[in-house]
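You are given structure tokens for the same protein chain in two forms, set apart as structure 1 and structure 2.
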Structure 1
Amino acid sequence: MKRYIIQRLLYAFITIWFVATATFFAMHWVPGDPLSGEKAVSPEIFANLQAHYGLDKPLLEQYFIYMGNLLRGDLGVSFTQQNRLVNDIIGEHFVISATMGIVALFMAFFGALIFATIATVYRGRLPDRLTMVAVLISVSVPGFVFAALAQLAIVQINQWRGEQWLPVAGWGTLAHVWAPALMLGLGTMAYLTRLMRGSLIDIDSQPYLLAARARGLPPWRCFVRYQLRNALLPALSVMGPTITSITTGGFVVEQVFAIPGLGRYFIQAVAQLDYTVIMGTTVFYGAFLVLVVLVFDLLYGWADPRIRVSRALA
């Protein structure tokens, strides 16, 4: 187990280094310059940035300065927002994105659990077919379409009730969370529903489950203890990428619902060529992805020793 953990940590470190390096050179190859032109900064900011990042030095020397700052946890100062650290931008706005992402994840997981169970129990009948049609639509239609339709539906419901039952946009109360979180988690819910349904159906004919039924165990106990428990393992294997994609993938949803999350600031930084914000958020998202995947990879290896042994021998 120790060798397996060290191996995964090494892979994680190499991945984060690669993301940081690729992001740095990609930003320097992109045409345009945030320090000049229509969005030119003031001479004071320009001088401070030149000194801090060594912008007048060769590219390789700038790279080592950047990596040194990164190792100290210094993601830099925004090129376009005066006296605002990238660390502060991430600290203030990632909390909002993460809150919405966590709610969306719970909605997606428990929704998938319910729909997959219904589809399995009524396999081949109308509830199963309706569930699979809904899954196909959810994974095929872009998220921003559902977000726009959800806003129209909220407007109609508020007009019908004669009061603001749910806010159309904005952030600040618990009521602002539900609609964007549901839209954010809809695609993940559909994917997990299809995955769990396939696992539940596959396990339904396994010998250990047939033996449990032959011993006279109640159907609900067979389902919960043997069928559902084992069907969750494939879902656990994809929870790492799922958590990161649903937590950091709400860029469009944040724009549609006017949520001041980190994704919205990332889009603004791209439009303004704010290199430090782009690089800082990209490295942060990359490190977050690697960390979450690493944690769930280790949990999956702990839950299923066959995975741990096979990967260690690979």
Structure 2
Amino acid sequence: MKRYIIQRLLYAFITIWFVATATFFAMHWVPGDPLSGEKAVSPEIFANLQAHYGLDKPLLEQYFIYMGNLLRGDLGVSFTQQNRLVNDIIGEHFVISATMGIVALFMAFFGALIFATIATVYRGRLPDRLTMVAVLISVSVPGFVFAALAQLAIVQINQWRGEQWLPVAGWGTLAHVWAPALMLGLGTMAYLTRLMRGSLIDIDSQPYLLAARARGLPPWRCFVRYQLRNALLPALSVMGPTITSITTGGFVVEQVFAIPGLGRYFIQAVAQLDYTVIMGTTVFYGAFLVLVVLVFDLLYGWADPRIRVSRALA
């Protein structure tokens, strides 16, 4: 097991190096200069600026300098957010994206659990059908449409109630989180609902469940004890990719709800060609993805006896 983890970590390290290298060259492939501004400056000042940020050096040299700094955990200084360290930028704004992502994930997970349960209990009847239609709609409508509609709905509800029910946009208090998090988690909720409903129904015909029922266990205990628990397993197996897609997928929601998350910063940084911020964000997210997938692989292996056994045999 230890060897396996070390191997995976080494692998993760190489992957992060690959992400960094790919970003570095993709970014420098973009024409333009992070230091140019709407108001032109004289060539002398421009040369000074370039020297100040080390952009006058050959590309490969810049690459090795950057990689050296990266190894020391130093992501450099932002070009457009003058004097701000990229480490600080990521630190401050990832926390926001992550908070929203975690709430979204919880909403998606428990929402899916509830809907899948309802759908299974009322299998083939109206609640099941409605759930499945809702699932289809949630995966078929673009996210920004939902987000914009949600925001407009909040304004209308606030006006109708004459008091602030939920804040319209922004960030800072717990109340700011719910609407954007729900919008962010909606697609995942639909996906998980479908997945859980599928496995709940599958389990329905498993012999051990029949045996439990035959023993006369009350239906709800059967459900909680056998069906639910096993239905969660496939959901856990997709949790790794889900977490990554939720934490990196906040662009639209951050834009619509004016949330200062890392996604919004990234889009700005690309338009501004803020090299260090672009690099920092992709490298950080790349590392985050790799580690999350690793952790969930281990967790899953640990949780599912079948995999544990197969790995032990292998």
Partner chain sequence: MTDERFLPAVYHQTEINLGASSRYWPTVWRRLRHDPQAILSLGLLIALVAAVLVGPWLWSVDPSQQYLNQISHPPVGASEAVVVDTFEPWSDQVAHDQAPNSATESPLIVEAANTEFVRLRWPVLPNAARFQIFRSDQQTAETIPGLPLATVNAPVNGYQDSLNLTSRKYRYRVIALDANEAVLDRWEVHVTPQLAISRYAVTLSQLPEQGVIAIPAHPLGTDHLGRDMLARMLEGGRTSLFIGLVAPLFYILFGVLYGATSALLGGRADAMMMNVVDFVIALPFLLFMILFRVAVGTEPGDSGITAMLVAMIALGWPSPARLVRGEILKLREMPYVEAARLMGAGRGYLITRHLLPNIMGSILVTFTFAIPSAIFAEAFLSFIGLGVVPPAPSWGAMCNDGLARLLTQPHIMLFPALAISLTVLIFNLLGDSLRDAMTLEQKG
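For residue numbers, the reference is structure 1: its sequence is counted from 1. Whichever C-alpha set is largest while still superposing within 1.5 Å between the two forms counts as the rigid core. Computed from a prediction, not measured in an experiment: that's the story for all the values here.
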| property | result |
| --- | --- |
| Identity of the form predicted alone, given as 1 or 2 | 1 |
| L10 C-alpha shift between structures 1 and 2 of 2 Å or more, rigid core reference | yes |
